[in-house]
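Here we start with a single chain on its own, the form predicted alone, put down as structure tokens.
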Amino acid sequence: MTADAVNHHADHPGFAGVTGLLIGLIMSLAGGAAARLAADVASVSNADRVIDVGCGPGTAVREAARRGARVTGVDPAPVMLRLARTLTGDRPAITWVDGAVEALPERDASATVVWSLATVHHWRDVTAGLAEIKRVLAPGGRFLAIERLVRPGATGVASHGWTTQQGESFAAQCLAAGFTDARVENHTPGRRALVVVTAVRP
């Protein structure tokens, strides 16, 4: 896998145990700015049904629900789903599901918004993931991916994100998957710059 692949950490072992729990807690504290940005960019309202792919501790799920949407958080890591349920409590508008982007446990055309925040770089199969997202989105549905902006050649924790080139590559892959209006923007809602890719399911 080349350094420019958008899923350059696809061989990551995943999150589990005490380490996974600690990472989830850190994510829950640090993810508020990205969650609010996602909801703003996607214009989430009470008319929406949102699927959060790789929801982690559920920060963006809760943000979408605060704006009136019905939301499903999908994650392959049981430790993240347990933490998300604990932090959220019982909220009828929110559902948690064990799953991954390559095989989303959702009905065809069942969502108006799908987003993936800081997780595309961990997807096993980008082509399969985009096909699944297109399948579960209704016509006119919005897709949004956000990754931390990283410098070319970064290694270790500093490489968990996208360079500008990787963001552009992902937008091109969205178009190849049949999405339209794919766009790349940089935002700095908090202390970190973020790469934001948006696209529409025709």
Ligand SMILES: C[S@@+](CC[C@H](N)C(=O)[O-])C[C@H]1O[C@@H](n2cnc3c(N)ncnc32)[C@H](O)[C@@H]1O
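From 1 onward, residues are counted along the sequence shown. In this text the structure is predicted, and so the values were computed from the model without any measurement.
If you look for the form predicted together with this ligand, you will not find it shown, but the lines that follow are about it.
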Given that this ligand is not shown alongside this chain, does Gly54 nevertheless sit within 4.5 Å of it in the predicted complex, heavy atom to heavy atom?
yes
Query raised in the report: Thr119: heavy atom within 4.5 Å of this ligand in the predicted complex?
Result: yes
How about Trp123: is it within 4.5 Å of this ligand in the predicted complex, going by heavy atoms?
yes
Taking this ligand as it sits in the predicted complex, is Ala77 near enough to touch it, meaning that at least one heavy atom pair lies within 4.5 angstroms? yes
Per contact check vs this ligand in the predicted complex (non-hydrogen atom within 4.5 angstroms), the hit among 54-62, 148-156, 162-170, 134-142 is 54-62
Interface check vs this ligand in the predicted complex: of Ala84, Leu130, Ala100, Ile94, the one with a heavy atom inside 4.5 Å is Ala100
Within 133-160, the residues having any heavy atom within 4.5 Å of this ligand in the predicted complex are none
